[in-house]
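Heads up, the chain below is alone and in the form predicted on its own; it's given as structure tokens.
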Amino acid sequence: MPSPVRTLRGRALSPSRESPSLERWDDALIEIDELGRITSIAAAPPGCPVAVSHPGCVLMPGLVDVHLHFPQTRVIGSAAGPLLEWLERSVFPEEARFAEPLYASAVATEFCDAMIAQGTTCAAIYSSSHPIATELLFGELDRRGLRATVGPALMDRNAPAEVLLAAEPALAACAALIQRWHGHDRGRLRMSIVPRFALSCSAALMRGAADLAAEHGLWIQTHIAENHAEIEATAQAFPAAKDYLAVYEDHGLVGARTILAHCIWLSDSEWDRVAAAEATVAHCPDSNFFLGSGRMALGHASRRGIEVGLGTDIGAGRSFSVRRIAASAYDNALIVGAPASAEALLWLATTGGARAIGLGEVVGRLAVGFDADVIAVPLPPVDDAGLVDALIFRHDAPPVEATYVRGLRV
């Protein structure tokens, strides 16, 4: 593999650590050590001998996608009705194909290509229920140099047999994947525990998943309160639980390493308990629109101090571009009557997403001590006032020019 770059120079911006403000440089010099960490970022001095790395681009942190589905890569935009019908008609038949290693391997290449092209350097990913597909995805992510948190979708009921795996072999497969991949390459790749959603999991599978996550300190990813029919079916399947979140609480799945996707229809009580548990939220506005699921108000999370990141939610989400999802989040915020600034949404796409998956001191900013996960984004001629709008709202903008992880162009 090529050696990491040791310097990058050009127009740059970086979100702040805590707030949605941005630090900007007209001409920055970024210095990177042999491990791929930023050691200095400052205005390039007069007569700087380092050439501008990517003329016509702005350098910024790599984008963080906190929720997407690897085995839905080839069914993006498959409109087959609301959530449960869409799963049955479009998703489960496609995910069944991932039992075939050659198919899974080919899609893993396409998946990584798409992430790199859109400047996603870090992602929290659902694999299929097939352990071999997850192994192949880890291998491709490793080969391509990307940063990811990944797990097979755990599901042992309420779906076609081709995508189900019983609790005992599923958890055994997770244990093997943990041994092989968790913490690989100084933590660039991490294993996660992924109960798909309550309807797809038996009580035994959820309890075993929680135990495994606790034993190894793993992140947990799941869906919640996305669709009215899903919520009603979950209540029928778990009549002893007082609400949807309680299903996960009762099985030990809610804590400071839990990412809850969608959260559209959570009650105030559930929001309060998410905050108390220090769980985080994946906001997926594009897929929420596409499936007609509803609209999550960011204020439910922000006023409770809950960490939030943006998720493309491929394939109900229609683009691998986290920038486009930020634009969708802007539209969503207007509709719910609580506008969000472009700067705040760019913060969610970078620093916010990194914090939501426990990497807020590693990636998501251009700052000393952070890994040099950097993208070069082509820009039309714009002044500082129009910079963020150009980054988020120009849907016909080209993909990024370059994507770096730890200073290595991937």
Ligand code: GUN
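Because the structure is a prediction, the values reported are computed rather than measured. Note that residue numbering follows the sequence shown and begins at 1.
There is another form of this protein, the form predicted together with the ligand, and it is not shown here; the text below is about that form.
- When contacts are judged by a 4.5 Å heavy atom cut-off, Trp181 does not count as touching the ligand in the model of the complex.
- Arg188 falls outside the set of residues with a heavy atom inside 4.5 Å of the ligand in the model of the complex.
- The closest non-hydrogen atom of Gln72 lies within 4.5 Å of the ligand in the model of the complex.
- Contact annotation for Thr121: none of its heavy atoms lies within 4.5 Å of the ligand in the model of the complex.
- When you look in the model of the complex, the only residue of Ala282, Ala316, Ile325, Ala148 with a non-hydrogen atom within 4.5 Å of the ligand is Ala316.
- Out of the listed residues Ala159, Ile220, Val308, Leu83, Leu83 is the one that sits within 4.5 Å of the ligand in the model of the complex by at least one heavy atom.
- Contact with the ligand in the model of the complex holds for all three of Leu87, Arg196 and His262, each having a heavy atom within 4.5 Å.
- Exactly one of the stretches 284-292, 173-181, 235-243, 264-272 approaches the ligand in the model of the complex with heavy atoms within 4.5 Å, and it is 284-292.
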